[in-house]
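Presented as structure tokens, the chain that follows is alone, the form predicted alone.
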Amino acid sequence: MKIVVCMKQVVDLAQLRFKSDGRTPVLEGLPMILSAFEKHALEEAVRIKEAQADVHVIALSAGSTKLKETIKEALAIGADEAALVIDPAIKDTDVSGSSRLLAGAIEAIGEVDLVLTGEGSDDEYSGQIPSRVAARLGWPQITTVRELALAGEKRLRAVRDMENSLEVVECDLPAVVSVTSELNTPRLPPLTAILKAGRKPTQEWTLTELGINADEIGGKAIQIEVLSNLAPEQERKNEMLEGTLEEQIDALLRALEHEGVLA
């Protein structure tokens, strides 16, 4: 069984800083890491590998040359190999273009049984990639999965989180599955695994090698235009509450009622 886990490289949001206006993010110079949502997908793939015989896990990602270092974390966690699409044109693409090149890479890998993704990404959280990749591959998809199990050699059973209820579904493989953070707790790789990660195989492609023209994922092919990426405006009053605990609670309730938070 061959499992591909789509991993996204994002800036480390824990180190994000803003300009003097308090709203414009400063992204230059920030370290790149793997999106946390995809780590749940990778953890599940590794657990399937540990429970089943003949399972091969491939960590797939697309982006800049920094991926060669970033993807080592996925290899340390338990992926057997990495597949990277590295091309300067990728930085100008949107979710439509990203799904095009990910689907192209999955087809290039060949004989894939299962594609796992996070339900969103740390930076944009559009949640569109799983559905778009499934549509391009012509495969069934199961989204917002919080429990996952094999129901036979070529069949999958999943529990979907429907907010107010849970839904149990099954489908035949191959399939694309997006997972939620409730699915598992990603492991922290031991030092020995981190040291061995660099020795695991990595295959790389450019867009040309995948048979994709840069115009297909950039320029006029871009369907989404980002006008701005600013933090929401906030007005902080910094009101201090004094007195006994009961007096502070009473003052807080009056302040919330005045602001219209409480009716």
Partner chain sequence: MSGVLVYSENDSHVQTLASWSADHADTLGPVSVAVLGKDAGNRAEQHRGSGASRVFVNEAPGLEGLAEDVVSSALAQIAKQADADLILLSATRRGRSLASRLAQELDSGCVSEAIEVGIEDGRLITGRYALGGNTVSREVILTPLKVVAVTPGTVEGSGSGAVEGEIISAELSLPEPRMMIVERNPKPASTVNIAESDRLVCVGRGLAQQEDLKLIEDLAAELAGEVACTRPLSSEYGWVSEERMIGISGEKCNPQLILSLGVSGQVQHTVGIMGAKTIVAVNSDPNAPIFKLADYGIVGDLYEVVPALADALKQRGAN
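We call the rigid core whatever largest set of C-alpha positions still superposes within 1.5 Å between the two forms. Positions refer to the first chain, counted from 1. Computed from a prediction, not measured in an experiment: that's the story for all the values here.
Not pictured, yet referred to below: the form predicted together with its partner chain.
Engineer: When its partner chain is placed as it is in the predicted bound form, are W205, T208 and N213 each within 4.5 Å of it, taking any non-hydrogen atom of the residue?
Structural biologist: No.
Engineer: A53 near its partner chain in the predicted bound form, any heavy atom under 4.5 Å?
Structural biologist: So A53 does not count as contacting its partner chain.
Engineer: Indicate whether its partner chain has at least one heavy atom within 4.5 Å of a heavy atom of V169 in the predicted bound form.
Structural biologist: Yes, V169 lies within 4.5 Å of its partner chain in the predicted bound form.
Engineer: Can you work out whether N229 and its partner chain are in contact in the predicted bound form, taking contact to mean some heavy atom pair no more than 4.5 Å apart?
Structural biologist: Within the cut-off, so yes.
Engineer: Taking its partner chain as it sits in the predicted bound form, is T192 near enough to touch it, meaning that at least one heavy atom pair lies within 4.5 angstroms?
Structural biologist: Although its partner chain is absent here, T192 would stay clear of it in the predicted bound form, with no heavy atoms inside 4.5 Å.
Engineer: Report the residue, out of A135, L188, A151, A108, that has at least one non-hydrogen atom within 4.5 angstroms of its partner chain in the predicted bound form.
Structural biologist: Filtering the options by heavy-atom distance leaves A135.
Engineer: Identify, from the list E73, E124, D80, D113, the residue with a heavy atom within 4.5 Å of its partner chain in the predicted bound form.
Structural biologist: Of the candidates E73, E124, D80, D113, E124 is the one lying within 4.5 Å of its partner chain in the predicted bound form.
Engineer: Looking at its partner chain in the predicted bound form, which residues in 82-103 have at least one heavy atom within 4.5 Å of it?
Structural biologist: Heavy-atom contacts to its partner chain in the predicted bound form: S96, S99.
Engineer: Superposing on the rigid core, is the Cα displacement of D250 between this form and the one not shown 2 Å or more?
Structural biologist: Shift at D250: 2 Å or more after core fit.
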